[in-house]
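Only one chain is given next, in structure tokens, and it is the form predicted on its own.
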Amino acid sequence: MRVKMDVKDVKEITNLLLTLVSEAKFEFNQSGMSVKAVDAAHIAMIVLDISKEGFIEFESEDAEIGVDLEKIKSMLKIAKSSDVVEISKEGSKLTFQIGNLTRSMALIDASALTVPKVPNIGLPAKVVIKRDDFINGIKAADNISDSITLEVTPTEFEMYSVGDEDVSKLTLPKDMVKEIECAEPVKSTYPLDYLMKLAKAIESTEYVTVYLGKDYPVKIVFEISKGNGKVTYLLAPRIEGE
């Protein structure tokens, strides 16, 4: 296996996975790469798929690679955002080459890493909003409460958090979102800390698609790797009374 990718894409992939896990299994085949991971508490799941077009160069047969994400993050700190990284597997080692620098790291036993099954959830509401609006709605709730409510109606999308004394609310009417599909109002509440981590890791996409159902997991979908990759993030709701 040997692939080349822009450093900024590798960083985003690594940071997104690190929102939930410190180790992950990367699955390669002739058409691209995929990763599925769930956090230890089974509250959130991330599914990441990148076609071979998302790489500068891509040579791979079927392979499963277990990696320490913290080691990759540490290694990438020395790289500039304009750099290209070459990644190759030789035996039980994964080698990264950035310019004249080469670094190898031991692989983790891929069979010891669990790949979660992705649930097939039908959610009645959908809204497509700008990434910056999504991130601002989450960040505004910081230090107000440990949860945030997402609500979709046929005419608007809201993200709000209510504390003992303070309230934050982002309201986007229909003409300020790219797309909205909703037959009747739907809302659910989610743990804020998970979404805060996600917001900090999302970098390259322009839009975020949010699928919502009452007291169902929220499904957040967005593109990476210049539109050649897709991330699906599922987060369990916080039911009233928890």
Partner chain sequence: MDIPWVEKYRPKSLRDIVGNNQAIAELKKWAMEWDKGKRQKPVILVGKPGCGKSSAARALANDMRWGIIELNASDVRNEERIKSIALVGAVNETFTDDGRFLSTKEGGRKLIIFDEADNLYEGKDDRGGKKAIVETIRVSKQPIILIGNDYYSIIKGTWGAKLRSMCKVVKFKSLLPSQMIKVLDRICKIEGIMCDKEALRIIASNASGDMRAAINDLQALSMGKKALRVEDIKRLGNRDDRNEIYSSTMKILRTMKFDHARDAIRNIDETPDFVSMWVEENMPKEYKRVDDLERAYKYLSRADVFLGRVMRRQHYALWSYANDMICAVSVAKMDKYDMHERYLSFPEWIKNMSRSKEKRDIRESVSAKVGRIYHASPGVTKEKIIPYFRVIYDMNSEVRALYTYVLRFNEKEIGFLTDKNPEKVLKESQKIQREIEKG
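Since the model is a prediction, treat every value here as computed from it, not as a measurement. Residue numbers count along the first chain shown, from 1.
The same protein also has a form predicted together with its partner chain, omitted here; what follows describes it.
When contacts are defined as a non-hydrogen atom within 4.5 Å, all of A41, Y194 and L235 contact its partner chain in the predicted complex. Between 116-124, 156-164, 82-90, 98-106, the stretch whose residues reach within 4.5 angstroms of its partner chain in the predicted complex through a non-hydrogen atom is 116-124.
Shown alone here, E184 lies farther than 4.5 Å from its partner chain in the predicted complex, counting heavy atoms only. Using a 4.5 Å cutoff between non-hydrogen atoms, D215 counts as a contact of its partner chain in the predicted complex. V35 falls outside the set of residues with a heavy atom inside 4.5 Å of its partner chain in the predicted complex. Residue contact with its partner chain in the predicted complex: V47 places no heavy atom within 4.5 Å of it. Although its partner chain is not shown here, in the predicted complex the stretch 146-172 places no heavy atom of any residue within 4.5 Å of it.
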